[in-house]
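Form predicted alone, single chain, as structure tokens, below.
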Amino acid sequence: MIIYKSINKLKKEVNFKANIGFVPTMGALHKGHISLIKSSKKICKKTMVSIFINPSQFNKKSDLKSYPRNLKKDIKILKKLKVDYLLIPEVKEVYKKKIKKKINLKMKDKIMCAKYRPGHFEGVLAVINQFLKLIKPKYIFFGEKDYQQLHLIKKLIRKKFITKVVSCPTIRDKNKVALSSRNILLNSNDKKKSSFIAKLLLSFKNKLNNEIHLKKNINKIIFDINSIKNINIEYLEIRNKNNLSKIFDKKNFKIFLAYYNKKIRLIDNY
């Protein structure tokens, strides 16, 4: 595995006309990231991973500061997976002078996480825009756990780039909790609560698959989850998985959740 800290050097030495897959990450790698990398290795001749904790997508400095970091462990994982290239750029490499650190969202997109984390997706879109302007991978890989993010990135890339987006299924642990870098901040009791919530909503999804009119029960579920000690729902909504509108049926619905387990914000979709 070749490690690059300079994007210019990467561009000089890597042939992006070849079949290259790109997996952008913020590090603290887990099985979800590993599944993206394995998907890239199946489809692409070469695989490149980036580790870049993007400051422009954090709307709280404390959140940026506390974000999990373990570069040594990440490099060890990537070497074991036989990743071809690792990019670890500095902020000044990605955002040069006069480069926008935010890409504005349309009003109709300011829903769910975009509503409760103003500036977050604007920062995510800006960094993906920068990466794809600077390098030209054939494919880019994202997980469906960050479904709203995936939806917005697909729209951005469709308009501006020829890179193809590959979406990969959410990876869950044995207790049905969606894998996230933030999960390492939870203790065993916190994890039990998240497991209960995940199983409750997976069960609700199965019921909706058969009887969509049961969507009216969502308020009862919100009440039950909020009754758990140290758990606070930010939003729990059912939307159309294709366009994120509130017009859906049993063929195209998805349940979206964001909540705080103590001070740790977690998201999921079912």
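As the structure is a computational prediction, the values presented were derived from the model and not from experiment. Note that residue numbering begins at 1 and tracks the sequence as displayed.
Beyond what is shown, the protein has a form predicted together with adenosine monophosphate; the following relates to that form.
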| property | result |
| --- | --- |
| Candidate stretches 80 to 88, 146 to 154, 185 to 193, 100 to 108 - the one whose heavy atoms come within 4.5 Å of adenosine monophosphate in the predicted complex | 146 to 154 |
| Of K241, H30, K205, K38, the one that lies within 4.5 Å of adenosine monophosphate in the predicted complex (heavy atoms) | H30 |
| Single option in M26, I43, I228, I222 placed near adenosine monophosphate in the predicted complex, where near means a heavy atom within 4.5 Å | M26 |
| Candidate site L201, N209 and F256: all three near adenosine monophosphate in the predicted complex by heavy atom within 4.5 Å | no |
| Contact label in the predicted complex: L134 to adenosine monophosphate, heavy atom within 4.5 Å | no |
| Proximity of T170 to adenosine monophosphate in the predicted complex, heavy atoms at 4.5 Å | yes |
| is_contact(I197, adenosine monophosphate) in the predicted complex, heavy atom dist at most 4.5 Å | no |
| Partner proximity in the predicted complex: L179 to adenosine monophosphate, non-hydrogen atom cutoff 4.5 Å | yes |
| Residues from 50 to 83 in contact with adenosine monophosphate (non-hydrogen atom within 4.5 Å) in the predicted complex | Y67 |
